[in-house]
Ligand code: GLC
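In structure tokens, the next block holds one chain alone, the form predicted on its own.
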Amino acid sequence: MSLPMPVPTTARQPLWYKDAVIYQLHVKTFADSNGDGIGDFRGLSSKLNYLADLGVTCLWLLPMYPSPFRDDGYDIADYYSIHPSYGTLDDFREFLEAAHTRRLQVVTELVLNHTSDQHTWFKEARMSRNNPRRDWYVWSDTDDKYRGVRIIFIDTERSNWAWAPESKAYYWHRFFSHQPDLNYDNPAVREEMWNVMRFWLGLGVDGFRVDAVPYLIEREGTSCENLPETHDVVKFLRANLAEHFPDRMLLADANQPPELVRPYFSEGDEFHMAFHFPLMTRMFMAVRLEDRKPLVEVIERTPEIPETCQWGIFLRNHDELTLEMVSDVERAYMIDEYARDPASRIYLGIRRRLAPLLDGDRRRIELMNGLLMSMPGSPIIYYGDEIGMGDNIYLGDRNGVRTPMQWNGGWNAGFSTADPERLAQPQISNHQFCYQARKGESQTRADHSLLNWMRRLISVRQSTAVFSRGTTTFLMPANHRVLAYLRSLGREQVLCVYNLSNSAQAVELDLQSLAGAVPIEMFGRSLFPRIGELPYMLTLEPYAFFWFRLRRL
């Protein structure tokens, strides 16, 4: 495979990802330009003004590569091309240029752990034990190796081994049996994955979300997760990135407790970013319990990370709301509260979007987004959540949260001119969340719509670096239904106060160390009474929150 020459892109500021507001989308379900019922890069390009106006600064694209689509594109059959339904490499280049023109960075998927069983590498490897590609995958004569390693997709898989009759051997797969794991003990595999990265970086891609990081290496007698040799692979890729493309970013998908994710930052020489999965779960838990304790606990036990690194934080994404990293009691509570319909449960999680999880309650949707935008890390918005899109839990797997974007009240919600039967996924018809009720174009025109509220929220967040780079200090008022913390960066301080309760709350905050400062409410720029020596009294409506910039006038 010949590699493209690097193309000029917009100038990237150092550590640009630390100040990013990321928008996650699926090309397949965002906008269809040619009427075949499937979204494509030309359609996405036509919607870039909408995304720029929303205020996001980075787009994260779900897999866009050729694939049999048994796992919605995470089963990759060719790392060097674009799925024909989405367009061509030229369409992708044009999209990338248009995004960069609007100062939007673009992050794509890098699925390191496995390929599709339809990839030519695996087709060759399974045919013969003597094939040159054989050692690109993990093989065994029996299915007894790596006993005790957990099965991730417990609803569909009974083993991490699958039989290849052509060569009469078992191959290893940590995910679905049609996704054989690559063998990263083979240096040729590491080199080839760097070639894949170099190809897309040469086109101008700004970074990668690296899928399923903890599972790259296998060793007998271990959990086959988070092994030291995994870090050798990551360091190899990062060193090459730093040498050839020093202004690009790697984001780790490691669904682990924060103390186990911390080593993936290393000393700033592995990943630039990593998802904070437990924070997401505990935001939902805190709001349902009307108690700040779950949130405070998870932040306080999150280890410090290198100055050049950043957490990626989110409310929802393309997968289930994962409950892998909570206790059995916490998992049972979350299922009882958020997944009473058994159809909404999958694997160890809940397959629902943000708005349905919160019963469409605008107050709670705003509260959760307010938390997301002020917590330590770079926030990630899942496409459609900015307009309160719904889901269809009866579509199977996690397809219910991957339905077409709802642009307007017309044919197919403006997503496609195709017959509805040809759509990549059916549109939502639920009366509460259907496209007649939740659509981007009408919300653009309505001053008090959720979309315009989200634009304002992002704009206020981006008015200061304190949210993206500041420290966090919790205040512990007697009222446990109120969450309050200070975000500080140099001389700048912002006080965040949230009512997690369904009823009005009063709170007294000990702000004696800030005596003399005047709180300026950041959305309306209203001045509140000066802080004195006595406890500072605030009252908050149900699910209301304040952001105060503290000024000494």
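So that there is no doubt, residue numbering starts at 1 and follows the sequence shown. All values reported here derive from a predicted model rather than from experimental measurement.
Below, we refer to the form predicted in complex with ligand GLC, which is not included among the displayed structures.
Each of His114, Phe175 and Arg398 is positioned with at least one heavy atom within 4.5 Å of ligand GLC in the predicted bound form. Contact annotation: of the candidates Asp247, Asp185, Glu192, Asp71, the single residue with a non-hydrogen atom within 4.5 angstroms of ligand GLC in the predicted bound form is Asp71. Put simply, of Asp291, Asp91, Asp211, Asp361 only one has a heavy atom within 4.5 Å of ligand GLC in the predicted bound form, and it is Asp211. Looking at 425 to 433, 316 to 324, 465 to 473, 81 to 89, the stretch with residues near ligand GLC in the predicted bound form, meaning non-hydrogen atoms within 4.5 angstroms, turns out to be 316 to 324. At a distance threshold of 4.5 angstroms between non-hydrogen atoms, Asp253 is in contact with ligand GLC in the predicted bound form. Residue contact check for Asn160: none of its heavy atoms lie within 4.5 Å of ligand GLC in the predicted bound form. Among residues of the shown chain, Arg402 is one whose heavy atoms approach ligand GLC to within 4.5 Å in the predicted bound form.
With a 4.5 Å cutoff on heavy atoms, Gln179 counts as touching ligand GLC in the predicted bound form.
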